[in-house]
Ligand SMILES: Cc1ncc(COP(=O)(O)O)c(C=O)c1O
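The form predicted alone is given below as one chain in structure tokens.
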């Protein structure tokens, strides 16, 4: 399909004037490798479909797709709809190259990676797939993601598993203080330690490696929630040493909505039951047994490939540095304002940051920033963590963050 026809079709589907997206007709070329840094980020910004009147600083929830991803997704959907059973299952369903590339980013074997829909599905596959008995203990933190906590509480109610809670000293740049609560919670009955690598509420990076090393010595299974760390900061599950991990690809990889990754160490695959029963030909030790879902969106899965391309075009080191730079830019100025306190550490953090503003309930402040200034942030109120979370993306400019800072000054 010609680009102009494609864009006209997209405009019609979105119900917006074609003129609003006509500038996308001629794609911007990536700058040369020696280009000015701001020229490079200008190119990146041009790859995203920006909202015309909103500053989106809640990219931590779900990321927009760059142009190459949503174009591929549209083409694949259009092609699939011409003859779905034939096109999707005989032509498009080519998971193996994507599996290999996702595994490479995670530093693992492709035979340890299943393509799923999000980190919740990935992690709950393991939570409900592990064989645990009444009285077996699971260590987890109060600051873990609510869906994971709900899943473990269901196992507690259904199977008599005992949950041992730790409270992390958030925020903290002292690794020992973050590791110690987990180690102190271990007992002879501990069977699983559930770890969040990058805490979604505040952006705190938890040093999981020493916890996993101690767990391995004691034969304890380790499960890592890497929803916010994969493709955001360096992640190598083999080097980390965990037994399993879950990832949402629609966050920092910028893949299509509803795409995720499940990692399970090869020697642990056989002992974990799939969340959805797999056909008998799926051997117990085959990672693909976790992908049996029934009819699923093959175009959505295949559009992960251009997201990987985009990720590599930028480079992880450059990406991490950019997100840290943007976080430092606005946060270092915000905390100079009266009545503002950071809930995010200075060093053990990446792109996410949360602040507490005295005299404001989180949701009321988030609503105020949206209604008066057209700035969209996330309201955080969980287990004593109360504030607004600001999540810039690669396309965010310092000028947009200046508008946030001006709004905070007025607040």
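Numbering follows the first chain given and starts at 1. Being a predicted model, the structure only gives us computed values, none of them experimental.
What comes next is about the form predicted in complex with the ligand, which is not displayed.
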{"property": "The unique member of 302, 125, 118, 222 whose heavy atoms fall within 4.5 Å of the ligand in the predicted bound form", "result": "118"}
{"property": "Proximity to the ligand in the predicted bound form, single hit among 227, 307, 244, 178 (heavy atom within 4.5 Å)", "result": "227"}
{"property": "Partner-proximal stretch of 196-204, 158-166, 180-188, 326-334 relative to the ligand in the predicted bound form, 4.5 angstroms, heavy atom", "result": "196-204"}
{"property": "Partner contact for residue 140 in the predicted bound form: the ligand, 4.5 angstroms, heavy atom", "result": "no"}
{"property": "The ligand contact in the predicted bound form: residue 145, any heavy atom under 4.5 Å", "result": "yes"}
{"property": "Within 4.5 Å of the ligand in the predicted bound form: residues from 234-249 (heavy atom criterion)", "result": "248"}
